[in-house]
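Only one chain is given next, in structure tokens, and it is the form predicted alone.
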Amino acid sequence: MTVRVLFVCLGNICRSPMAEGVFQHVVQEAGLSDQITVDSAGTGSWHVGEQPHRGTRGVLRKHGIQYEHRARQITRQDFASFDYILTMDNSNLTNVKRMMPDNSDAEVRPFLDYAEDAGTKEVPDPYYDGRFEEVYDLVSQAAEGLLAHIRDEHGL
């Protein structure tokens, strides 16, 4: 069984690709890449096909994380394809829940639910203010918590 995780933000160029890259790295370090797959998407379509923001790419590189991605928009099919759909802020959560089919078994929740000591439930959008390092710290905390949760839930 493969556990499939999707991270969602607004445009899929800052926060969700960073979460994807960090979580993918944590999964690889744990030797679980063959059991957990990771992707990201945005609720909006403005950046479809673009690389992650240079700030996201720079922070990931600085922390030794190899990552390639092209922005995409979340689809209704994602609700059938993913076990976990994790949002970066309340607006993303509302938008994702609004499009979620009634028959979906995906667990939809804020990503920072897995970061008990974060002091916030929303990952700030660094697109305008450049707080990419702060976003990295938050998603790193949540990535560790999410991996522990998945290992516990799925016996990995």
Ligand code: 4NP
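Residues carry their position along the shown sequence, with the first being 1. Not measured: the values here are computed from a predicted model.
The protein also exists as the form predicted together with ligand 4NP; that form is not presented, and the subsequent description refers to it.
**Prompt:** Is Tyr67 one of the residues lying within 4.5 Å of ligand 4NP in the predicted complex, judged by heavy atom distances?
**Reply:** No - in the predicted complex, heavy atoms of Tyr67 and ligand 4NP never come within 4.5 Å of each other.
inquiry  = Can you work out whether Asp125 and ligand 4NP are in contact in the predicted complex, taking contact to mean some heavy atom pair no more than 4.5 Å apart?
reply    = Judged by the heavy-atom cut-off of 4.5 Å, Asp125 is in contact with ligand 4NP in the predicted complex.
Hey, in the predicted complex, does Val22 get a heavy atom within 4.5 angstroms of ligand 4NP? No, Val22 is distant from the partner.
Requested in this report: Report yes if any heavy atom of Arg57 sits within 4.5 Å of a heavy atom of ligand 4NP in the predicted complex; otherwise report no.
Outcome: No, Arg57 sits far enough from ligand 4NP in the predicted complex that none of its heavy atoms falls within 4.5 Å.
* Asked: Which among 125-133, 57-65, 31-39, 101-109 is in contact with ligand 4NP in the predicted complex, heavy atoms within 4.5 angstroms?
  -> The contacting stretch is 125-133.
Does any residue in 5-29 get within 4.5 Å of ligand 4NP in the predicted complex, counting heavy atoms only, and if so which ones? If the 4.5 Å heavy-atom criterion is applied to ligand 4NP in the predicted complex, 5-29 yields Cys9, Leu10, Gly11, Asn12, Ile13, Cys14, Arg15.
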